[in-house]
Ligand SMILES: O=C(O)CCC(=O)C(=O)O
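Read the single chain below, which is given as structure tokens and is the form predicted alone.
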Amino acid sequence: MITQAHIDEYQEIGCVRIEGAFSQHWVDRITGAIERVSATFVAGRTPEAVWDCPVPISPTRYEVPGGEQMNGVMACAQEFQDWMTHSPATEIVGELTGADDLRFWVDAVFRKTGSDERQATPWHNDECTYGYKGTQIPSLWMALTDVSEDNAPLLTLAGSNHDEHRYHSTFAPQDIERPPDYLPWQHLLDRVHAPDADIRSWPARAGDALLIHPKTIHGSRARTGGDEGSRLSFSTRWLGSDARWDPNPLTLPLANLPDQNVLVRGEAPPESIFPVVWRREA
């Protein structure tokens, strides 16, 4: 499924689309699981874990203008375990990043409905608040509906995966001195709004996947096609073999860990919390 052309594009511009990455079988199963978990939240209950997900994450849901977002629902449906174990997901991430092994980190669901302009995802990159450093810490984004140009496609700033610095995220504490390799958030915004910014749009079909480099600056358009339909996607983050714990004052803590001392600066993710779920064959 993964060709050298995919690998080259990912390395060059920090994002690549894999057409038909997931069959209709997986689109239907993941969509069904999401609908069931969302309905549990809407009914006023927090869905319980139904399998022993390797990472201790708490499921949450919140409504956003023109949609909803859920985080940490991986353990709440058997379909998610089956997807991680039997779908091409881990092989896609491993082959594109060049990792020797791979660990699951966290998940998110994004649903966009209507045409509220506020549903556009603001420009950002993922690395800015990470305590882990490495090039093999991507997000795998799976389209569960068709995503046309008027159905909130993702946008990326091509080549921003090669940035040597980070940006001081608005989600991080603002009243502390920035580490020397961080730039103000306004620099990120200035880059994407520059006249010569190489902005790429990523329409997709249900079952397509995007792999997004942790440094790649990205966002999304709002839906502009009216109130009918929706845009549903499932995103997962991964830790490859070059991930090392390297926190700083702007790092957001990893929630729900039973003991923060298991994270050791300069070392790989601990197997007790982030077990390996994929290894490259010799």
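Counting begins at 1, following the sequence as shown. Since this is a predicted model, take the numbers as computed values, not measurements.
Only in words, not in the display: the form predicted together with the ligand, which the text now covers.
Which listed residue (L96, L154, A77, V192) meets the criterion of a heavy atom within 4.5 Å of the ligand in the predicted complex? The option sitting close enough to the partner is L154.
The unique member of S201, N71, T121, T135 whose heavy atoms fall within 4.5 Å of the ligand in the predicted complex: None of the others qualify; the residue that does is T121.
Can you tell me whether W185 touches the ligand? I mean in the predicted complex, with a 4.5 angstroms heavy atom cut-off. Result no; W185 lies far from the ligand in the predicted complex.
Looking in the predicted complex, any heavy atom of R61 within 4.5 Å of the ligand? Taking the distances in the predicted complex, the answer for R61 is no, it never comes within 4.5 Å of the ligand.
So in the predicted complex, does any heavy atom of R29 sit within 4.5 Å of the ligand? Although the ligand is absent here, R29 would stay clear of it in the predicted complex, with no heavy atoms inside 4.5 Å.
Hey, in the predicted complex, is D208 touching the ligand, heavy atoms inside 4.5 Å? No, D208 is distant from the partner.
Would the ligand be touched by all three of K112, S220 and R237 in the predicted complex, meaning a heavy atom each within 4.5 Å? Per the other structure, all of K112, S220 and R237 touch the ligand.
From the candidate stretches 85-93, 176-184, 163-171, 124-132, select the single one in contact with the ligand in the predicted complex, where contact means a heavy atom within 4.5 Å. Looking at the other structure, the answer is 124-132.
Just give me the residues of 130-144, first to last, that have a heavy atom within 4.5 Å of the ligand in the predicted complex. The stretch 130-144, when checked against the ligand in the predicted complex, contributes only W141 at the 4.5 Å heavy-atom cut-off.
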